[in-house]
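What follows is a single chain, given as structure tokens, in the form predicted on its own.
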Amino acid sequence: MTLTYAFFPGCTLESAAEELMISTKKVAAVLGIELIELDGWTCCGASHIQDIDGFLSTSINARNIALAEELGVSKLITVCNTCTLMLRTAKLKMDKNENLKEKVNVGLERTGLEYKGTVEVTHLLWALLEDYGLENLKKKVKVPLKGLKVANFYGCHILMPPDVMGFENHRNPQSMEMVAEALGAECVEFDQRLACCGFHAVFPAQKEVMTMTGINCLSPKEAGADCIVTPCPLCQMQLDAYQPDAQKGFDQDITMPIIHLPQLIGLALGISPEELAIDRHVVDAIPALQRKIQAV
């Protein structure tokens, strides 16, 4: 089967989380998913721009969606929780408010674009369940992740606010568990499963966020997890890149590998950790994966 999506990578995949871009493209190719990157996309605003200029926030994301509409596809896909939130928020506002839509389109007209509202915004995690299907995913598994205990860390923006995101029960989501179990992994229950990673508050509240980071790593470690898996590059960055700094505030060893969702999928598809760019992480995840997964 072949699925085609307009692809909004977002800023992080072209900078600090290039490993997610690499692994996403590798996995998509094996699964038969065509990702057409938007030509000329712009930053989604990363959940901050609306505090300064709400109309601009809506306009730039309406423009990104309009670029997807130009491709003639039905869905625009991302692999970032925050990008998904920002794009869906703009779409919801535009689709509910014809006056706002007209005002935004006046500006878009100068660039030769028009927001029509014909494209749905989705996340790779949701697309795997809604479009691809778990049974089809299971058929692609070459290296079952049997014995690997994963802690699924959702991140705030793929769940909330529920009236914007709304894919599943935001108080007890199961999508990550469903995908991980389809790959053969064992899901570990831990207290911080639905916690905030702290990424968007790291500069104004660094001390508090470092404590959050440590707790978010220690909780699954004490529950017996081999690694944390997250569908969001910002959560991955906060828990991985800032983990050494967070360790300074804890007597206990909080060391916990943090991997992206496409990397977990890629391992089950038989793609090597190096090809998935897992060796680029700050906290070395490869030894833990090698101990538990055959052929890694």
Partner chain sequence: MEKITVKIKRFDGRESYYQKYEVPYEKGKTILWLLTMIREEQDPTLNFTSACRHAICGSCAVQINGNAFLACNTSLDEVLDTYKTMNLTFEPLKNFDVIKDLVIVWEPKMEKMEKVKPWIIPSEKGSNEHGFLQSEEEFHQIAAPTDCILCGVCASECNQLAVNQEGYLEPFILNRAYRYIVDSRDGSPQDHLQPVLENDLWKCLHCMQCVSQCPKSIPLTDQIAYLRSSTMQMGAVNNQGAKHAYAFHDDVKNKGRLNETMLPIKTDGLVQTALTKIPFALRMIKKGKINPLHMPKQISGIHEVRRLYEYAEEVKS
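Computed from a predicted model, the values in this text were never measured in an experiment. Residue numbers count along the first chain shown, from 1.
Only in words, not in the display: the form predicted in complex with its partner chain, which the text now covers.
Q: Of the options 60, 261, 66, 256, which one has a non-hydrogen atom that comes within 4.5 Å of its partner chain in the model of the complex?
A: Only one option qualifies, and that one is 60.
Q: Can you pick the stretch from 122-130, 192-200, 73-81, 146-154 whose heavy atoms fall within 4.5 Å of its partner chain in the model of the complex?
A: Correct option: 192-200.
Q: Mind checking whether each of 141, 175 and 223 has a heavy atom within 4.5 Å of its partner chain in the model of the complex?
A: Zero of three within 4.5 Å in the model of the complex.
Q: Taking 4.5 angstroms as the cut-off for heavy atoms, does residue 34 touch its partner chain in the model of the complex?
A: No.
Q: Is there any non-hydrogen atom of residue 116 lying within 4.5 Å of its partner chain in the model of the complex?
A: Contact with its partner chain, no.
Q: Against its partner chain in the model of the complex, would residue 244 count as a contact residue? Criterion: heavy atoms within 4.5 Å.
A: Contact check for residue 244: yes, within 4.5 Å of its partner chain in the model of the complex.
Q: Can you tell me whether residue 39 touches its partner chain? I mean in the model of the complex, with a 4.5 angstroms heavy atom cut-off.
A: Contact check for residue 39: yes, within 4.5 Å of its partner chain in the model of the complex.
Q: Can you tell me which residues in 264-283 come within 4.5 angstroms of its partner chain in the model of the complex, by heavy atoms?
A: Contacting residues: 279, 280, 281, 282.
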